[in-house]
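First, one chain by itself: the form predicted alone, in structure tokens.
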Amino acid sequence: MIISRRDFLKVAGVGGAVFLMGPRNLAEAADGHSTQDDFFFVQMSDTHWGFNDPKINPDSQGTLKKAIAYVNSLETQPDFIAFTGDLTHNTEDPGERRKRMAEFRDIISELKVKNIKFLPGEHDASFDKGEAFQEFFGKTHYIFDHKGVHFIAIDNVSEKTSTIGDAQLQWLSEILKPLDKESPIVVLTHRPLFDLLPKWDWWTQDGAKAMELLMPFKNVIVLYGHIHQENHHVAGHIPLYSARGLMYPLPAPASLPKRIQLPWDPADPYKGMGFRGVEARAGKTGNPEYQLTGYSVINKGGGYR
């Protein structure tokens, strides 16, 4: 459902955000040609396939499937879908890890949209440095362009130290060098690239180094997962937005003595769980405008309640 800017702003306080990106009309494509094509994509995160605790989610086997059915029911189908990590729930058993990844892969094959981007979370990759993840879903960090927007997927989970690492930071530096400073860039990652709450592992130890590399570019946003809730933060001029998870919510930063999985509320099932749609279109002034809209796990008429 496409909503107006005015109507969108009305719901911004319950899970939405609007931001503008720079003076160019959407972007210049990698080949140097201008594009004004609108597009829409979906971010899904923290599906934790393999998690099993009925006190936290008695529908652990059905939540992902319900979200897929919801996406398939959208009148406007997304150009692509990005899963920003923790596709599966952690296990030290390599065989069980691959079993869960195979099951996840088979379940999401029901999506109508076949252009799907995958990022690992620490539950997927930290035990084996992403080995199993790469067998099923490809590289843990990569770039792609879509209708003139540069997308950069950063891996900040494969190392148990919660870092990106020097080699990948060098890679990031090299891919940014040829880009115009006005280029629109969307960074996809799992952990936040800033120190949201280090004692809860809500940070990336060398995230500031990645942000320093991105700071010269005027039109950057960062979309991430990991914290199972929405959080809007601005570092310099770069906004960073987390997404809700699809298995269970987590408490607001430092709202409890420790990080715990919030229990299921029978009176409000699927509370705090959902996914996000991101619409890119040219604004009235000619500046590109992106809209972030939240969706619950199950279709309740569009958007969060």
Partner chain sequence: MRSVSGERSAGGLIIILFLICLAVDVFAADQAEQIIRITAKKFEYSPNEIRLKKGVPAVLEFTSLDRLHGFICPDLDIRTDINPGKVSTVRLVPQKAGTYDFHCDIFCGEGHEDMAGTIIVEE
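Positions refer to the first chain, counted from 1. No experiment lies behind these values; they were computed from the predicted model shown.
Note that the form predicted in complex with the partner chain isn't included here; everything after this is about it.
- For F80, no non-hydrogen atom is located within 4.5 Å of the partner chain in the predicted bound form, even though that partner is not displayed.
- Within 4.5 Å of some heavy atom of the partner chain in the predicted bound form lies at least one heavy atom of K160.
- Although the partner is absent from this view, D145 stays clear of the partner chain in the predicted bound form, with no non-hydrogen atom inside 4.5 angstroms.
- The partner chain in the predicted bound form comes within 4.5 Å of a heavy atom belonging to H123.
- Note on the partner interface in the predicted bound form: the residue among Q134, N231, Q168, N90 having a heavy atom within 4.5 angstroms of the partner chain is N90.
- Proximity to the partner chain in the predicted bound form, defined as a heavy atom within 4.5 Å, holds among E96, E103, D180, D201 only for D201.
- For the candidate spot formed by F41, H141 and N219, no residue has a non-hydrogen atom within 4.5 angstroms of the partner chain in the predicted bound form.
- Segments offered: 168-176, 192-200, 109-117, 71-79. Contacting the partner chain in the predicted bound form at heavy atom distances within 4.5 Å is 192-200.
- Residue R259 is the only member of 255-271 with a non-hydrogen atom no more than 4.5 angstroms from the partner chain in the predicted bound form.
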